[in-house]
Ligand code: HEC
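First, one chain by itself: the form predicted on its own, in structure tokens.
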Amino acid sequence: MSLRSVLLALVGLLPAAGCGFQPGAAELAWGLSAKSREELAEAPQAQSELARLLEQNFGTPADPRFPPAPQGGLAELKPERRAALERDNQTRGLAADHYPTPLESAELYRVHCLHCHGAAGAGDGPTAASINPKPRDFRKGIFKWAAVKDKARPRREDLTTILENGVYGTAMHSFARLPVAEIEGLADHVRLLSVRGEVETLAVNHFKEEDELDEELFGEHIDTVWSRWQRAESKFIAWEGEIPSDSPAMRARGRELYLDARKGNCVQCHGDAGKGDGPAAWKINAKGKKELAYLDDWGFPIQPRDLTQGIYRGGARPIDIYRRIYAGINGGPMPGIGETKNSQGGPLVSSDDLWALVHYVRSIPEGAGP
């Protein structure tokens, strides 16, 4: 048998043998979450009723519905974004107001997102097991990389920014190659899955407390969750005017704040040199072993960012770092200090000092540490 024949035979075996990883088939139904099924394990009738109410209000992957919002998200777009969409549509030979239907958006999600995030947005798609960090579970309504404070839900712009830019240092890549209308449609569907997941959780929690589940109450849960998303614009962290310039003096002041336990206190988690190895980042477990001290809101161990790598998943611009320091990072242990008050009721850290921290943090990959 020739070498060429042997190689061809081996190649023919690759689909079956692969490299030991065979992703499972994608689940195409939404259904109830594993947590809901567990918490309602002794109430099968409530499980059935909850599944019915969810389908009645949100539909299925083959017939998705979003009860609080317009059927298409076009009416929600800000004028500048709508103008960009219309220009892009015309460039592609489409009607200026072309916009995907809910079903078309669900199909886009199935093609581009389901393999990581799962059909219901639980972060459990067939390739999720091989990815670190894990794909986002949308159902909690928690999105880390948003330009908002008070752990608010993201704005549309926050969702589309992530879709267009990706998340550096993770498996979430950019979808900027897609038409603007499809980007917006994907944002619609992600939001639908998130709202559906939050409503499911509220309904389960209420049933556990009151032993009650009915259509009127379910509608109230939808209103409650949707109101959280509507407040997003009021939580936007803006900066008016010019950003204070970077300088050696600003970096030196930022370093002082970074180390000051009464101010930034960043050193406790990120470590003296910014390597994510501060004393608060680790603990000793019951077996005497060193392990990470924190879990994120999805239950995964989380280590503070190694700032020396220059990887900023929420964006590397000064305003991006400012927002992380100001408001913290939703879903993780990173606190915000932008609105923390001192004993006299004034800001604990002034705006200038916040920018000094920004400039120092951005300088760490350059070797600005000790």
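Everything numeric here is computed off the predicted structure, so don't read it as measured data. One-based numbering along the sequence shown.
Note that the form predicted together with ligand HEC isn't included here; everything after this is about it.
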| property | result |
| --- | --- |
| Listed range touching ligand HEC, judged in the predicted complex by heavy atoms within 4.5 Å, from 75-83, 282-290, 88-96, 144-152 | 144-152 |
| Residue 206, heavy atom within 4.5 angstroms of ligand HEC in the predicted complex | no |
| Contact flag, residue 219 vs ligand HEC in the predicted complex, heavy atom cut 4.5 Å | no |
| Exercise: residue 251 in contact with ligand HEC in the predicted complex, heavy atom 4.5 Å | no |
| Residue 274, heavy atom within 4.5 angstroms of ligand HEC in the predicted complex | no |
| Of 213, 225, 269, 232, the one that lies within 4.5 Å of ligand HEC in the predicted complex (heavy atoms) | 269 |
| Partner contacts for 245-264, taking ligand HEC in the predicted complex and a 4.5 Å heavy atom cut-off | 264 |
